[in-house]
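Only one chain comes next, encoded as structure tokens, the form predicted on its own.
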């Protein structure tokens, strides 16, 4: 659950500070976790993943609520819940990359 909360907090920061475009936000979050920019293929894959997640969470409000209620910290009421859920999944992907886990 701690990793999910950490992913949600990175997602909030990505939405607030990362710009308005999906690609800009993907690059922002990627750089925060890996200290480098994604290559073209990585960016493309992650952008598609975020778009797919956005579509899923926009069509499943109950799944959105279920994901966002995890953990003890409060969820920002100023952000679109579907968007926050989608970027939480994105942040979780970043946290689970081999490169993240073995970073020196």
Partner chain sequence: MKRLPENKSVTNDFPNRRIETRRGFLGSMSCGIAGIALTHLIGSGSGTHAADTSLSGRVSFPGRPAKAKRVIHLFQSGGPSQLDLYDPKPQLKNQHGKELPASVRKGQRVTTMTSGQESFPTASSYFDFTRHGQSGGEFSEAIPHIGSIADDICVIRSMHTDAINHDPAITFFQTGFQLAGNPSLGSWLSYGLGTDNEDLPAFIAMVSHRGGQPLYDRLWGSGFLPTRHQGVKFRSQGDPVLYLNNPPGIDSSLRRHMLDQIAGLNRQGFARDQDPEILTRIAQYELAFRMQTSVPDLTDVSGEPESTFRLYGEDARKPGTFAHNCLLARRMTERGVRLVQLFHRGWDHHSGLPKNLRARTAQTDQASSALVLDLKQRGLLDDTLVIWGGEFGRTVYCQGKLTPKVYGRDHHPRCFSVWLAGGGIKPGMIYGKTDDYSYNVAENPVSVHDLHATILHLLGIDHHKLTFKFKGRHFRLTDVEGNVLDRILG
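These figures come from a predicted structure and were not determined experimentally. Positions refer to the first chain, counted from 1.
There is another form of this protein, the form predicted together with its partner chain, and it is not shown here; the text below is about that form.
With respect to its partner chain in the model of the complex, the three residues 27, 31 and 58 uniformly fall beyond 4.5 angstroms at the level of their nearest heavy atom. This chain is displayed alone, yet in the model of the complex one of 41, 35, 77, 72 has a heavy atom within 4.5 Å of its partner chain; that residue is 41. A residue is said to contact a partner when one of its heavy atoms sits within 4.5 Å of a partner heavy atom; residue 82 fails this definition for its partner chain in the model of the complex, lying far away.
Under a 4.5 angstroms non-hydrogen atom cutoff, its partner chain in the model of the complex lacks residue 6 among its neighbouring residues. In the model of the complex, its partner chain lies within 4.5 Å of some heavy atom of residue 92.
Taking a 4.5 Å heavy atom cutoff to its partner chain in the model of the complex, the contacting residues in 49-68 are 49, 52, 53, 56, 57, 63, 66, 67.
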